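A single chain, nothing else alongside it, follows as structure tokens in the form predicted on its own.
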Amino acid sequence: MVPLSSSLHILQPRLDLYMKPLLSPRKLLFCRTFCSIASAPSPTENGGGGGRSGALVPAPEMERIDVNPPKGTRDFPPEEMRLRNWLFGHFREVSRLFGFEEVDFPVLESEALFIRKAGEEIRDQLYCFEDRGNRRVALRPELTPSLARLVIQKGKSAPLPLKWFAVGQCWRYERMTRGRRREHYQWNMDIIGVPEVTAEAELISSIVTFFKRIGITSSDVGFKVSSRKVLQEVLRCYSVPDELFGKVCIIIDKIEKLPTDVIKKDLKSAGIAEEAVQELLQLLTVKSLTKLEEKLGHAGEAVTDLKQLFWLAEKFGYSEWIQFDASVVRGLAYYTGIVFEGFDREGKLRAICGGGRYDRLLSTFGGDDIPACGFGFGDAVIVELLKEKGLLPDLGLEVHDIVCALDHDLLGPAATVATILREKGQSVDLVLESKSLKWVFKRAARINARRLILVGNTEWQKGMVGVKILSSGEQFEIKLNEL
């Protein structure tokens, strides 16, 4: 390396002038203006024939298009895309740490796939239509039915257990609230082929690991845990038919959103006797395993599974994150055992994530049942929580080098320099036009460039370029093959 000289030396006063604001960069605000340009039609397009060919024809007035995304959906400009990539990067890294493999499915699925799983009532929440082949299709509202379809398709060619995860876009037409949109992305992790509670314990551990990575603690978030078997044991005592179980769970899942009188009325309308309704509502107030055991005894599957899960939580090291809550049943009908929900301890947000065991889902689609459990974790609520806690990361654009030609005739050599650096793995912003140094320094500040590479005529003839370290102001010349 040699000190900056030759043609670059002449520019030294200007380099020094622009270095001071660069060393203390401020965020620049840019306003982007969109305009519509309407082309005037030719005379023939305007009716043709008799008019003079040189006559001016007024351009038709074009209706301005709505530049907002459809209601309930989002654009991802660069700053939002950086946040999304950061979040999804943690989803994928945690999944990798736990030995899961990534899968994906079509965003567009057969409408019957979701109606078979959730019943006709879900049709009102689907973005569905008939395609040109007269097939009823829908944008997926969740990922689990697609997962079940793929597991059935693979059959015995996929050795168990399967540990799969996916990060996919989902669509659900419903009322929007904070953290709930009609379009969202969901992180799913599923374990197929493990009947033991160790699978649920592993899944909760993975979510806890994710929270810790992004700065969320057990004082911010907890998990409410219960089991569908708790309700089953109570309903069996009152000879409630098994076919009513799913409907009861859907009603009870709304217990925090609706008055108790409404829940009672809905349960009675579903065919549940008054005595059974009272017993159910009393049971749903239980918040400890000890009290649950007093009511159900210690021999039932529900208590056994839950005690095993809490024991495993100690071994995994997340006991302070979980608590028993009999009111958690999850609204989806396919759950069969332990269920859990991640919640904001301040109570400002809806459920952050949720999941559980679904051992009988595959038979719903005509396959053989396989023990399975999993969870879904949406992207919208966690971003709201990070905002609440002041934990959103500062994710400005970062570029290694900005390369600038000092003369228009040197744009080609500047492109060569950029290519050499990119082949070495450097991120490079090449100035594509002849621009003033003032513009270049502002650009460097906006993209957080680390170095400025200047291609000057005298230096290029010697096989060298000028380099300026933007954080310190140090500058020097260096041979191209040493760059």
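One-based numbering along the sequence shown. The structure presented is a predicted model; accordingly, all values stated were derived computationally and were not measured.
We do not show the form predicted in complex with a small molecule, though everything after this point is about it.
Think of it this way: in the predicted bound form, the small molecule has a heavy atom of just one of P371, G337, G378, P413 within 4.5 Å, and the residue is G378. Among the residues E398, E346, E102, E174, the one placing a heavy atom within 4.5 Å of the small molecule in the predicted bound form is E174. The candidate stretches are 350-358, 403-411, 225-233, 271-279, and the one lying within 4.5 Å of the small molecule in the predicted bound form by heavy atoms is 350-358. Taken together, E293, Q323 and D325 are entirely out of contact with the small molecule in the predicted bound form: none brings a heavy atom within 4.5 Å. Although the partner is absent here, R140 sits far enough away that none of its heavy atoms falls within 4.5 Å of the small molecule in the predicted bound form. Contact check for R180: a non-hydrogen atom falls within 4.5 Å of the small molecule in the predicted bound form. For S206, no non-hydrogen atom is located within 4.5 Å of the small molecule in the predicted bound form, even though that partner is not displayed. Proximity of K163 to the small molecule in the predicted bound form: non-hydrogen atoms within 4.5 Å are absent; the residue sits far from the partner.
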